[in-house]
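In structure tokens, one chain follows: the form predicted alone.
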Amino acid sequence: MKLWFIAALVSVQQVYFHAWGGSDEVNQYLRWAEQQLAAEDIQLVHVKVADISETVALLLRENQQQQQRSAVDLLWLNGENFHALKAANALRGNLSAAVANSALLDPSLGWQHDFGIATDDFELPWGVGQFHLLVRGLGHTNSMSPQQLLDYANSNPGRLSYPKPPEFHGTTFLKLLLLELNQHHGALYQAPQAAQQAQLLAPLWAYLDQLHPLLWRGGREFPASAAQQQQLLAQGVLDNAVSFNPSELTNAQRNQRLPATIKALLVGQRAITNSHYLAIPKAANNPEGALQVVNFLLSEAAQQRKQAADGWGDAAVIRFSHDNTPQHVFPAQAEPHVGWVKLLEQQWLERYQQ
């Protein structure tokens, strides 16, 4: 009887974690995290979303309606999604003071700014992403210029593509081309000014006007996601896919999802590099449980498991006590300012999806 009474007093906290569900490695890692957190009386519920913008739209509606309790306890985000929630004052602040393991974070990774916007302790980094291509038959080089990529498309029509913006891999491909075609103009790292927008965007649209007719299905259709494009690469339909995870190719080849002939390639000399983050809505139903989950995910054990090739393969954001594991696989290129994202996506849709 006494044992039953004690057990009844133990309260299992549910934490609803909204996170992208499009990766087997991510999903498997979160299942491992669920098992570990169960020992801390936390039931982590992975709410799988196709794009975190769906959750951001929900939170903005809840915030506008002044709801006191949100359906979201924790979310995985960065870039324009963070910017929107920060601007709406919809996130819990002062996270570092409430998360002990934030003291382990590596300040050299530049996570204090997210797409040019100060994080201001409204989100904490969880991992590092670096944008690159997974390719078949694009020569023996480890990088190509936009012109060389266009030349390949011209010689091999129908063999290349990219995910349809505003899917974030597809938008990042546009950002990468924008930077390269403008020789990394300093204005791209600042909020867009009306006087410069047309000038800086013109080379991108001119390039895509040439590229699109040479793409898969004549540029009239695009893969819906990075996962779909990787399937097309595996099936031999395409010669390229896209990735933000420098370990994804190793994992895919180990699991025989991609053949050994596929390699990683940069467009330009550096990879767009950013941190991805964890944030807690101001109206979270279980903020204390969410803080406990964030603290666990930033622990040495969780970050080690995450960066392991058989765990997820996503780079760590903490400094380990036992080694100095490098956080970047490719030379790093900062993101353009978040303000360019909406411009790129709106104008791309207007030009190519009418």
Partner chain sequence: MITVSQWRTSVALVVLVLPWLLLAGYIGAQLLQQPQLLFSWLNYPGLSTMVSQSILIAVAIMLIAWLVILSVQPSTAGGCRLLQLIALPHLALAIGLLWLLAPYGWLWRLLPESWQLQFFDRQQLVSFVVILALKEIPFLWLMSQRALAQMPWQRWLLSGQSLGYSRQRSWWLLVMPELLRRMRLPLMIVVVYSLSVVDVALLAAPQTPAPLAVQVLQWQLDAEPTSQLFASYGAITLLLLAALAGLLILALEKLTIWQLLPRLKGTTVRLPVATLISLIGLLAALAIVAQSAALGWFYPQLLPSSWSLARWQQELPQLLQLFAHSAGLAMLVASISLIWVVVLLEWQRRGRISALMMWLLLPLLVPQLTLLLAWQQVFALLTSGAGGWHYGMALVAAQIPFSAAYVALILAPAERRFEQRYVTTLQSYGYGFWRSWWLAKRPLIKQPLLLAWVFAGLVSMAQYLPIVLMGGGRWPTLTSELVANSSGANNQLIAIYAVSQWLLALCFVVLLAWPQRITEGEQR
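Positions refer to the first chain, counted from 1. Note that the structure is a prediction, hence the values are computed from the model and not measured.
Keep in mind that the form predicted in complex with the partner chain is missing from the display, and what follows is about it.
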query	finding
Partner contact for residue 221 in the predicted bound form: the partner chain, 4.5 angstroms, heavy atom	yes
Partner contact for residue 231 in the predicted bound form: the partner chain, 4.5 angstroms, heavy atom	yes
Partner contact for residue 20 in the predicted bound form: the partner chain, 4.5 angstroms, heavy atom	yes
Heavy atom of residue 196 within 4.5 Å of the partner chain in the predicted bound form	no
Residue (of 164, 86, 270, 92) lying close to the partner chain in the predicted bound form, criterion heavy atoms within 4.5 Å	164
The single option of 159, 263, 282, 113 touching the partner chain in the predicted bound form, heavy atom within 4.5 Å	159
Three-residue site 307, 310 and 315 fully in contact with the partner chain in the predicted bound form at 4.5 Å by heavy atom	no
Stretch in contact in the predicted bound form with the partner chain, which is absent here, among 92 to 100, 69 to 77, 197 to 205, 126 to 134 (heavy atoms within 4.5 Å)	69 to 77
Contact set, 252 to 268 vs the partner chain in the predicted bound form - heavy atom within 4.5 angstroms	255, 256, 257, 258, 259
